[in-house]
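In the form predicted alone, a lone chain appears below as structure tokens.
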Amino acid sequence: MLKSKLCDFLGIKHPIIQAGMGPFSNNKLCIASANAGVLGLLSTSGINTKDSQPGIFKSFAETGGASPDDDKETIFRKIFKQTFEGTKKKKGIFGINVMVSAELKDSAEFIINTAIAAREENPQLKEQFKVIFTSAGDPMPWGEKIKGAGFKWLHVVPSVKGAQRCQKAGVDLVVASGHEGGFHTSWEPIHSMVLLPAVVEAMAGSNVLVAGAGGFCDGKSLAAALALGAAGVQMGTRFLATEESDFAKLWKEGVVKAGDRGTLVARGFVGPARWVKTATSLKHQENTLKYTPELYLDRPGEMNEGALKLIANEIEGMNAVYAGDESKALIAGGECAQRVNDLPKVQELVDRIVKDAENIISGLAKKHIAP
């Protein structure tokens, strides 16, 4: 069996994290992932889409066993309950992904406080609801609240500097996310082959575990991450394209159809974003260069009229996905989309990835190293 320190740390069977992709619903995907022996992460940012992206909000609530008419706290409590009930038999481990940027501080506080309260009221939750994964912001203000409540704390970073900041904050595990990643991606185009070993080296000698994200989608890339010193990998785009994934049919099919050189980087809600290449995303890329060219110079620009126009385009494109309108849809996806060719069940996917990685690792010496 392929195990690592990540497995021991979280109590999971395989060294894989299913990304908490948002603002879309992944409530059913999280249950399937946790039951398959990997860490399942619930997305939470969909809670803020009620007015601007009603289709996404409706899906976010209903796939979690809630109603769009419920208040926010009730929606989260129902999602947590459904996830616990759905994973109880197999004792699957799950958590939440929370964006903690300055603009979302109040929302992050509310989500984390709701998670803490839910666990305190139902101590059984603590056996499975183990993780808070923070992203898109500074980890420094959050340690006392998250670790004080007994959660395992994970945070995603795009750089060695970011990893060192996490170490200082007391994060348990950092996910080094290369530029290959889908949707929100880093400002600087540092890819996993460089970033991941650099972060591993920077964290050497500390108690901070490291996982890789960005481009990981199969046994080959999992074996590569372990060879680079990681304790495991996070996969988003690959889990998005599965049978149990809550994502819209058009979204999943768009990833599978992406093909060679199938993605591009253009404006996203909080900076650069990676999109599946379509006529709509190509136009969005052209408009990004026209209205906010500084995005391609690795820095944020002003929230001017052009930037607001791009955000409006994104919202329209996301809503089109859920309406099934392929002509206007914007579909986020990582570079690995060109290597995603099917929509398997999550258990089948995990079993395949792990078996392939085990075979690759056990066969390396025999295949590539001369006696």
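If you're wondering where the values come from, they're calculated on a predicted model, not measured in any experiment. All residue numbers refer to positions in the sequence shown, first residue = 1.
Absent from the display: the form predicted together with a small molecule. The rest refers to it.
Annotated contact segment (heavy atom within 4.5 Å of the small molecule in the predicted bound form): 177 to 185, selected among 194 to 202, 177 to 185, 263 to 271, 111 to 119. Residue in contact with the small molecule in the predicted bound form (any heavy atom within 4.5 Å), chosen from 211, 166, 235, 132: 235. Shown without its partner, this chain lists 221, 288, 97, 83 as candidates; in the predicted bound form, only 97 has a non-hydrogen atom within 4.5 angstroms of the small molecule. Across the proposed site, 151, 153 and 231 without exception lack any heavy atom within 4.5 Å of the small molecule in the predicted bound form. When contacts are judged by a 4.5 Å heavy atom cut-off, residue 15 does not count as touching the small molecule in the predicted bound form.
Although the partner is absent here, residue 35 is not a contact residue: none of its heavy atoms lies within 4.5 angstroms of the small molecule in the predicted bound form.
Residue 21 belongs to the set of residues with a heavy atom inside 4.5 Å of the small molecule in the predicted bound form. Taking the partner from the other structure, the small molecule in the predicted bound form has a heavy atom within 4.5 Å of a heavy atom of residue 251.
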